[in-house]
Every structure is written in C-alpha cells, then in structure tokens.
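Below you will find one chain, with nothing else, as structure tokens; this is the form predicted alone, and questions on how it binds or moves follow later.
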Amino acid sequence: MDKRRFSIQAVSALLHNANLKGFLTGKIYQGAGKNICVPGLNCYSCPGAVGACPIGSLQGFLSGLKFRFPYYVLGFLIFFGALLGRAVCGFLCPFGFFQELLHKIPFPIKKNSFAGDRQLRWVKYAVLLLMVVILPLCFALTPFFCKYLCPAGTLSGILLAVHDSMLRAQLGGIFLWKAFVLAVVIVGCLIVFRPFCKYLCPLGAIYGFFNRIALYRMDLDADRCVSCGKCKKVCQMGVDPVRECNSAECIRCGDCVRNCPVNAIHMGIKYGQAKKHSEKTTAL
C-alpha cells in the first residue's frame, strides 16, 4: 500500500466533505462553496459536502428551463484534465477512495480481470454521452445520472434520510432502484478494484480523455525496460504500462513505478518524452 497516496486520498475526502456537523444534523451546507465545483465525484446533497459535483453541475446547466452553455464546468474539467488527467481519480476522488477502502476488506473472491471486462469499460462513455449530456438536454430539470444511477448520491440520500422522517416517508421506487445499484457497486468493490470507476463513472471517462496529454503523465524508458511484465501484473486497473503508457484507464496510482525492477517507468509533471518501445518488446 502506498501510504502517501492513501494519506492524500483521506485528506481530499475530508476537504470535499469538510462540513462535518452536517453528518450529525443531516443538514446540507448551503454556503458560497456550493457554487464552486470540486474535482472528484462527491454528491452536492451529501450533508458534509462543501462544493458542487462537476457531473451534477454539468447536468444542471444542460437541463435548465433555459439552456445555458456550461462554460465554467467545461473549463473546470478541462483545467483539471489537462493538468492531472485521471490522477484526479487516483488521488482526489472521495468515491474512488471509498471503493478502495471496500476492496481492502477480506473476501473469498478477488479478481483483477474477467471475461467481458474490456467490453464493460465502454459503458462509462455511454453513461457520459446518454445520461449526462443527451437526456438532460432533452428533458428539463432532470439530471438523469444523479437521479437514476449515481451511487454517491444514494449514499448521500441515506445519510439525509437517517435524520429526516419526512424524507424517509417519501422514498419510493427510484430510491429502491438506486439502493440496488449501490449494493451492486459495494459487492463489486469487494471483488474487483474500483468497479464503478472502471465501468460506470462519467467523470473518469472525461478525465481519461486527457491522460495522453496531461502535464502529470507516465513515461516509459524503453532502453531500460526488460519486458518482465511486473508492471502489468501489479496494475489493479488492468493496464499494461509497456503497451499503453498513458492509457485512459490509468489512475496514476504509481504501483507500476514502485514495482519496476529496473526503474524504467516514471511519473510526474512532463518527466520527458516517452520513448517508443522496441519492436521486439511490443511484439510480445
């Protein structure tokens, strides 16, 4: 376990949810911070949240009674994407941290890959296109991803319902559906590393677009690489750093860097131009 990354994740989750009294009172923070997006997936309605989720904000712009182009939200996402790419997912996302904590729980079955894994990873792009963009544009005041899918929002709803009997009385079929989705994600986390990030998260899909151009990036020194395969073996996101040095699936956790026996993989702010691996290596 990388203690440094774990510490950053914990601090980030705390900063995203710094309204600690909200967890005790069940009251949503309504201060000025709610006008500002946070980089990770963190529900606006979480009683601890002090900022706005960028996915929820994007849907808010697109599904308003009067269309407003989401300049601020897109600019925010482009800034963090171009700077960090999916390092946001690996270091700053509270729901990603939540999934990792669940995955640490001992469970009889642990899988890093399975049949259909690669195909399922395309689902998050469909979720982004359909539930975050197209449907909110077509139906006013309906943030489809937040309302029908987001498990972080379901957790927030549960926390609020604990303190509010009137809210509990209003919970119906949609909540039961979302509770089912949350349960599937939680069980999935016990078996698979970050299943929501891999298969469903639209925010991860957005940041993944930037991985190849982000300032914080991975570089492979092809002259040092001995094609031992250790980097691929330790990657819990199922990436082969030799073939896909800056894959859209990489969350920049650094496991491959720490486990490379010849120090051939580097990660940082534009460490250098990645060298093309030799034909012999890529043919393996």
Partner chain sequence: MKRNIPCMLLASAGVVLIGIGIALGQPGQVLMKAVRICMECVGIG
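Residue numbers count along the first chain shown, from 1. Model, not experiment: these values are computed from the prediction.
As for the form predicted in complex with the partner chain, it is not shown, yet the points below apply to it.
- Contact with the partner chain in the model of the complex, defined as any heavy atom within 4.5 Å, is confined among 235 to 243, 36 to 44, 221 to 229, 253 to 261 to 36 to 44.
- The putative spot formed by 191, 195 and 248 is not touched by the partner chain in the model of the complex; no residue has a non-hydrogen atom within 4.5 angstroms of it.
- Residue contact with the partner chain in the model of the complex: residue 178 places a heavy atom within 4.5 Å of it.
- None of the heavy atoms of residue 127 is located within 4.5 Å of the partner chain in the model of the complex.
- Remark: residue 71 counts among the residues lining the partner chain in the model of the complex, judged by a heavy atom distance of 4.5 Å or less.
- Interface membership of residue 101, defined by any non-hydrogen atom within 4.5 Å of the partner chain in the model of the complex, is ruled out.
- Of the residues given (94, 208, 202, 143), 143 alone sits with a heavy atom within 4.5 Å of the partner chain in the model of the complex.
- Contact annotation for 75 to 89: residues with any non-hydrogen atom within 4.5 angstroms of the partner chain in the model of the complex are 75, 76, 78, 79, 82, 83, listed in sequence order.
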